[in-house]
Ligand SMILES: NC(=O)c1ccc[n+]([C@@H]2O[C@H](COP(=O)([O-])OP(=O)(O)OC[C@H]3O[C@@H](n4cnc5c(N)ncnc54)[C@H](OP(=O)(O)O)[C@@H]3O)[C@@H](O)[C@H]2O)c1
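The data below hold one chain only, encoded as C-alpha cells and taken in the form predicted on its own.
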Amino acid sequence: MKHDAFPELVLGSAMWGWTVGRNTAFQLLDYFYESGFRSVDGATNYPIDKNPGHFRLSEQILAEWTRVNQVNDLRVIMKVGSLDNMRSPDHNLTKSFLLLAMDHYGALFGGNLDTLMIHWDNRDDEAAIRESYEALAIAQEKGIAAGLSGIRRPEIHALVNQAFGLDLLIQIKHNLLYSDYERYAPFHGKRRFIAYGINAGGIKLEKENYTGKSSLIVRGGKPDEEFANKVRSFLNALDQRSFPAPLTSFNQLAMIHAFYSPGLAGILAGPSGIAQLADTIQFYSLLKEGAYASVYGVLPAGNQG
C-alpha cells in the first residue's frame, strides 16, 4: 500500500457474495480500477453471512476478476486467521497456518498480493503472538507487507513487534460513533492506520432509505434515529456557501472525519453499487483538493465514545 500525504481510498469486499453479487462486484472493480485506484481489501471469511457455502466466496470473486482482466498491479490486502464465516471467534494464527495462507494467496493473486494481516486476534499469550510475528516477518522478507485487524490486545502486539520491527498496517474501526484509534496508542506516530466502518455500519439519514439489502439491516443492526436527527440538524445549520458542492449525506461527513483524522494511511469504502462508488470517488477527489477541512473540527459525534 502506498504512503501518500493523504489517506488512500481502499475498496472493501465484505459484502461480495452476500448483498453484492458477482456481476456488481465486477462492475465495482472495473470502475475503481479505471478510476486509477488499486488497493482492495479482503478476508478469508468474507462474506460473514453465516452461510457456510459462501466461505471464501468474496476472495474467489476478486481472484476471478484479476484472471479475466489479466490484472497484475492491484494491491490486495488479505486478512487471515478466521476458520469460518459464521461470526465465530474460531481462528488459527499459528506460524504454520499463516505461512500456508501466504502461499495460498500468493498462488491465488500472484503479484497482486500486497499485505497479509492477522485477523480477529483475541489472544493474550505473548509467546503465541510472537510465533505469528515470525510468519509475518517471513512474509515481509518476501515483499508482502504485514498487518493487523481486529486485535484485542494491541499493547502485547506492540511489545512483541519491538523485536521484529515490522512496518505494520493496522485496520481499525473508526467513525463518528466509535473509534479504536486510542486503543492502538502504542502504534501511534506513523501513518499506519486504515479506517473501516466509517459509515458506522451503514447509517442513513432517512428511514425510507434503508432496504432489505442495506448493510446495517442485514448485519442485524438498528437505525439510530437520535443520531440521524443530530446529523440532519447539523447539516441544516451548517453554512455551506464556500463549499464546492453541498454536503447532503452521512457518507460525506464520514469521509471528512476519516480523511482528516490523524495517522490514517487509508479509508476503506464498501459501496454496494456503481452510483455510490462514483459519488465516493468524486467526493474523495474534492477532499484531496483540500475541501471541507473546516468541517472536520465541528462534526457531530455520537454517544458511544
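Note that this is a predicted model, so its numbers are computed, not measured. Throughout, we count residues from 1 along the sequence that is shown.
There is also a form predicted together with the ligand; it is not shown, and the following applies to it.
Note on the partner interface in the predicted bound form: the residue among 280, 66, 44, 39 having a heavy atom within 4.5 angstroms of the ligand is 280. When contacts are defined as a non-hydrogen atom within 4.5 Å, none of 157, 263 and 265 contacts the ligand in the predicted bound form. Of the candidate stretches 49 to 57, 240 to 248, 271 to 279, 29 to 37, only 271 to 279 contains residues with a heavy atom within 4.5 Å of the ligand in the predicted bound form. In the predicted bound form, the ligand sits beyond 4.5 Å of every heavy atom of residue 192. In the predicted bound form, no heavy atom of residue 176 sits within 4.5 Å of the ligand. Put simply, residue 204 is close to the ligand in the predicted bound form: some heavy atom of it is within 4.5 Å. Proximity of residue 223 to the ligand in the predicted bound form falls outside the 4.5 Å heavy atom cutoff.
Of the residues in 118 to 141, those that come within 4.5 Å of the ligand in the predicted bound form through at least one heavy atom are, in sequence order, 119, 120.
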